[in-house]
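Presented as structure tokens, the chain that follows is alone, the form predicted alone.
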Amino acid sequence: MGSPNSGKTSLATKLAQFIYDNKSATVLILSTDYETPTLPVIFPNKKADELFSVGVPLSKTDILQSEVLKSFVTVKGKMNFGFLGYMDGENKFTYPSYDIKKAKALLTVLMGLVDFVIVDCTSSLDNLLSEEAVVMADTVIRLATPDIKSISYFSSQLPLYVDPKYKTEQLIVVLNTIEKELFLPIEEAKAHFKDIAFTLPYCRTLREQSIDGNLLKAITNKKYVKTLKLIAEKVV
């Protein structure tokens, strides 16, 4: 979870890849965003008939494991590693609305299918899948960026998480440097956010991958990979 444009999709993808590659685990990334669907970003070159939507199983009367499995989008050359999300052109009106019980049912089915479900949450609790994922998660990473916009977001949104069910005291706070460090008030941001567990360094390769739609490619930036490893170990 985290502020808008804080790199949630990029970190979710890289974290899932790291766990898959190093823990011999089955891993799924669930993207909950129907305002800016993630599948076209992760798979810009896949054909339309190779993509499937999480909206389909959510639109059924009951969340069936068979329907959920049909909606997985797989990665070539990576068995037991997949994605679940919304497709290009879809939005919150594409499918019938669902309630919090159905969101919980979907997450429960996913936890029974794979070892790790990495949820790429939206920035708003209005998204029921995101809200329930934060509630049900074993570990939640709160992602922030060292800028005034992110500081403003958390000043506004954190009061919405006062309910004990969100377990805010257990959050792993990660400061993500998405632009060149030279121009960002990193130390000031650390002082404001407090309790920062990790600071992800700026990685030009990751930035380029995000722009070009190549997030599934490997990253060789040693500083970034070292911090990613630390985060993954904390999560696992």
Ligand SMILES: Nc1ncnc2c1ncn2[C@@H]1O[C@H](COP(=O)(O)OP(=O)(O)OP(=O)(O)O)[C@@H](O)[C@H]1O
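Remember, predicted model here, so these are calculated numbers, not experimental data. A residue's number is simply how far along the shown sequence it sits, counting from 1.
Another form, the form predicted in complex with the named molecule, is not on view; read the next lines as being about it.
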| query | finding |
| --- | --- |
| Among the candidates 26, 168, 59, 210, the residue which, in the predicted bound form, approaches the named molecule to within 4.5 Å (heavy atoms) | 210 |
| Contact test in the predicted bound form: residue 206 vs the named molecule, heavy atoms, 4.5 Å | yes |
| Heavy atom of residue 123 within 4.5 Å of the named molecule in the predicted bound form | yes |
| Partner contact for residue 202 in the predicted bound form: the named molecule, 4.5 angstroms, heavy atom | yes |
| Exercise: residue 18 in contact with the named molecule in the predicted bound form, heavy atom 4.5 Å | no |
| One stretch from 60-68, 172-180, 46-54, 186-194 that, in the predicted bound form, holds residues within 4.5 Å of the named molecule by heavy atom | 172-180 |
| Residues of 1-37 having any heavy atom within 4.5 Å of the named molecule in the predicted bound form, listed in sequence order | 3, 4, 5, 6, 7, 8, 9, 10, 33 |
